[in-house]
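Single chain ahead, by itself, as structure tokens, in the form predicted alone.
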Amino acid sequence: MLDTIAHNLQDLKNSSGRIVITTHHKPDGDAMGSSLGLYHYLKAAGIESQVVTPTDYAEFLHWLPGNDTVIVYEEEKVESQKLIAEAEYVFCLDFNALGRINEMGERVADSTAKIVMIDHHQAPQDFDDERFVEIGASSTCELIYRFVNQHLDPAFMNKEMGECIYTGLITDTGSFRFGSTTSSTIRTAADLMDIGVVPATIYNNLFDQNRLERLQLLGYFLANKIELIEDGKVAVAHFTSEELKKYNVITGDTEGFVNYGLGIKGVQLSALIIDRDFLVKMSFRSTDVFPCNEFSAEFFNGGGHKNAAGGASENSLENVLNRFKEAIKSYRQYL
């Protein structure tokens, strides 16, 4: 744990209304859970803040309490830029490089606000004034819970905050099955239940409210798209831009698809490669040994965690697929 926090709850109260909370582009459950979780905590403490996301995010996260208060930078640039320019604090959650918030990164870099990073990814860049960072922690949501306990006042935690934090816990740990899950993670979940969180409700909201098109896409994916290579130790799948259009894919529809590859006996690395027209995006998931972050950084301008990482390329989908199959040969010692 690297903890350089110097402010306290009174400092945040003095800055009420001039606090911006942001997270990475195309935010996932941990990103939105930590952002809205901190928002609800501050609100309960009588402190105004504003969540500003760089881009839109998956529809299955729109049920989160406070979702209707979120400002999307791409859709409301003038208001977002004004908030950042006038902020006294900018909380950067679940990312550690300004490039992860796209154009917003330039605004944050130019801001006179105190920048606070709370994150769990490797190799943080040096753009913050204070940080609460634990590389390899289960989730940024777990770190928000600890941050409140260690530096603020846990008396202001409430059910709304708890539902947001619990969302990040289960989405970033694969429902507590990934190796990053610790006894601290489980104790955090139990504490959240004690303040009113109902796990069954969270699971239903996250996983049982699918659009029919998404389920049809999943069926197509499982039946037709997974290819096993490297003697069955690597599962690789891809979607063309035409396939995305055919199934009316929207933000979040392919969330979690990459994990299905690891459900195949003998598979130690699963890759999902998607042609987004303007960019080919990649997701990698692995068992304990294979270093997804190193592989992604070396070949696909990416990064992330050891067992969960992503990358991107401006090359064609065919080129990226061929490059992946060639690149994996140099990592055979991990398979």
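These figures come from a predicted structure and were not determined experimentally. We number the residues from 1 along the sequence you see.
Beyond what is shown, the protein has a form predicted in complex with guanosine-5'-monophosphate (5GP); the following relates to that form.
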Counting only non-hydrogen atoms and a 4.5 angstroms cut-off, does Ser49 reach guanosine-5'-monophosphate (5GP) in the predicted bound form?
no
Contact of His121 with guanosine-5'-monophosphate (5GP) in the predicted bound form (heavy atom, 4.5 Å):
yes
Under a 4.5 Å heavy atom criterion, is Gly304 part of the interface with guanosine-5'-monophosphate (5GP) in the predicted bound form?
yes
If you check in the predicted bound form, is Ala308 within 4.5 Å of guanosine-5'-monophosphate (5GP), heavy atoms only?
yes
Please name which of the stretches 281-289, 49-57, 34-42, 66-74 has residues with heavy atoms lying within 4.5 Å of guanosine-5'-monophosphate (5GP) in the predicted bound form.
281-289
Selected contact from Ala312, Ala327, Leu9, Leu317, since only one has a non-hydrogen atom within 4.5 angstroms of guanosine-5'-monophosphate (5GP) in the predicted bound form:
Ala312
guanosine-5'-monophosphate (5GP): the contacting residue among His238, Arg214, Arg100, Arg107 in the predicted bound form [heavy atom, 4.5 Å]
Arg100
